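One chain comes next, on its own, written as structure tokens: the form predicted on its own.
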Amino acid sequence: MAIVLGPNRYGKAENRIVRIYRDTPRHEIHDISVSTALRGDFAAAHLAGDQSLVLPTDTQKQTAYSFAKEKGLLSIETYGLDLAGHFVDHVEPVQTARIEIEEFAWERVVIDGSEHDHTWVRRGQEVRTAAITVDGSGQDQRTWVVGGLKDLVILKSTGSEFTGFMHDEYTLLEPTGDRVMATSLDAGWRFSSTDVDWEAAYLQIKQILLRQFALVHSLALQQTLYEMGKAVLEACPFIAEIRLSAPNKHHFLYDLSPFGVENTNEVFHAADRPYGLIQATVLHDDAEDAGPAWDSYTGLV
């Protein structure tokens, strides 16, 4: 039986880039981690160590930094499209480019009631993400854009229950009609177009996700995720599908009876591990095939 080289790609992972706009006295900051990955006919590099068709990963890094100035870094989706398009269109051996981006948010420090023009504090609510894949050239070129967020920690103190589940000889969990529901949400949404206001879309989708988490009376985290995804698709015709991943951050009622104290659903143990992990995809039934849109490179996006 022959041994052959299978699918392969290479790139520069997690380049930390900060772009500060200084056009006015009120500066703007954009802080990202960007990873690049290239596919093409790189068999000779693997089989014979021939680097003649290999664009160094250091060159990919330098391009990413330079594009933060040349092309700008106002929206991570636009920046990623520019970067992926460059590698595919201008580096002959490259057939497919994948760009994965995380954006870290900052908010202005408030001094005497006013936002400071050039001082910020890191805002830790969530990390915004984007993954851009460009394949081919000319009229046959295809593009996929996935926006998203990760580590969005949300909790509701009521409006959630878990009853009627299957039991067997190993089941110890008691049903509950009123529980704390908490998660650290990761979500990615695949755009059906690149003609999108990326900033407005992100804010709209995040708000829909939070609204549904709050308002849906949850019979199961699975149900909540579906309702969240469904609401995004109903409100945003430019989204083909959304994928949601939610660890169930369990909050167990703590037994205070040994101390003669009644615990009326008020004191909980927040369990770290293990945790239930619920994942769901919600999509239009006629959505175009996702192709390589979800083919993660770093595993971070």
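This one's a predicted model, so the numbers in the text were calculated from it and none came from an experiment. Residue numbers run from 1 along the displayed sequence.
Below, we refer to the form predicted together with a further copy of the same chain, which is not included among the displayed structures.
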query	finding
Contact residue in the predicted complex, from V196, L149, A220, L81 (heavy atom within 4.5 Å of a further copy of the same chain)	A220
Candidate stretches 127-135, 159-167, 196-204, 140-148 - the one whose heavy atoms come within 4.5 Å of a further copy of the same chain in the predicted complex	159-167
is_contact(E107, a further copy of the same chain) in the predicted complex, heavy atom dist at most 4.5 Å	yes
A280: touches a further copy of the same chain in the predicted complex, heavy atom cutoff 4.5 angstroms	yes
E262, heavy atom within 4.5 angstroms of a further copy of the same chain in the predicted complex	yes
is_contact(L74, a further copy of the same chain) in the predicted complex, heavy atom dist at most 4.5 Å	no
Stretch 103-141: residues contacting a further copy of the same chain in the predicted complex, 4.5 Å heavy atom cut-off	W106, E107, V109, V110, I111, D112, H116, H118, T119, W120, V121, R122, R123, G124, Q125
